[in-house]
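There is one chain below, alone, in structure tokens, taken in the form predicted on its own.
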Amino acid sequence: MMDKLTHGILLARIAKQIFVSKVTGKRIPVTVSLHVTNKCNMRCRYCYANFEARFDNPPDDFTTLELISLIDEIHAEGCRWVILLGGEPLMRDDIGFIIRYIKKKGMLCELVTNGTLLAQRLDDVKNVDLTCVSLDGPKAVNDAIRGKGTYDLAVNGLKIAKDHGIKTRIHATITTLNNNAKSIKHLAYLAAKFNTTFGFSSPILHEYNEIDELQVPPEDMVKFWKLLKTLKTKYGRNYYTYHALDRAISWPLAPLDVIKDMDRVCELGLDKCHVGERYCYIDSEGYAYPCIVQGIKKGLNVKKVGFKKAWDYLARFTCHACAYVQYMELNDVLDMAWHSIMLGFNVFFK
């Protein structure tokens, strides 16, 4: 639980790194999404991280000392915002220590969790700046995708978090089961009940996962974003800005197309993506990669070459724009767009 002054300082540090990158053109990993474990107590049907049966046969995770060293390295390269993912991060016995160490380094710390273990790990989570709880819609819809009983556990986690002053957001992945008004309204209701926000992201499709039966047809994606925008106006609580939603709605190509030619980006009047320039991911096995859309095993392994070399290697990737609304919003944040600045204020200062 952080006060507003502390969050103001953290956001100012992030803004400083973005400003330096914008002015100098220097590649700075302002934001790093760090997968800390392959252990998970759930088997969500669309999970991009559970490829090669990792969750069923998890390789060795980072040791505590390895993670501490890695946090030192990313901080030295300019990271000021760490997003902890898994697997389920709360299955690490040392997650509280890791969170406290990130905070000690003066970085903003966000945790992405399925919410089922929040009650048991409350003392560990209380130091996080923002906790993202995955929940895909009404109970029947959520449990069909994420497993029986997971809805009740996630909702209880949201309640526990609210009762203890922990800031949260609810995150859903769009599928054929929840791309409808009923699911949007339900998440808006939960967001209002627990004084938080909610949003949807497109499922990530690459060679590692197969979710054909859950994949929303391309022609229905724009319909969904239009519906989400309409209901945002009516109910509020949707954390995506109108700007990001409008860009997803007006995307000029197919929903899954990625533009790798910067001239094409300029020609279409799109905003440049900062993948591999101001943010990256680190896989729980150590692979650094630019973004999920590009694929996981695309970079070097930080366990073998260190973070700096792995980060420098990502400069060769040439992805400049895509239709994934979650990356559109993140890129606005990492470009200090005014609407995203207001989004930050709404998250941390309301």
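We number the residues from 1 along the sequence you see. Keep in mind that this is a model prediction, so the values were computed, not measured.
In what follows, reference is made to the form predicted in complex with a small molecule, a form of this protein that is not presented.
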### Query
For this chain shown on its own, do Cys40, Gly86 and Thr173 all sit within 4.5 Å of the small molecule in the model of the complex, going by heavy atoms?
yes
### Query
If you check in the model of the complex, is Tyr46 within 4.5 Å of the small molecule, heavy atoms only?
yes
### Query
Even though the small molecule is not shown here, does Thr131 get within 4.5 Å of it in the model of the complex, heavy atoms only?
no
### Query
Heavy atoms within 4.5 Å of the small molecule in the model of the complex: does Arg146 have any?
yes
#### Entry: Ser202: touches the small molecule in the model of the complex, heavy atom cutoff 4.5 angstroms
yes
### Query
Thinking of the small molecule in the model of the complex, which stretch from 150-158, 185-193, 216-224, 108-116 has heavy atoms inside 4.5 Å of it?
108-116
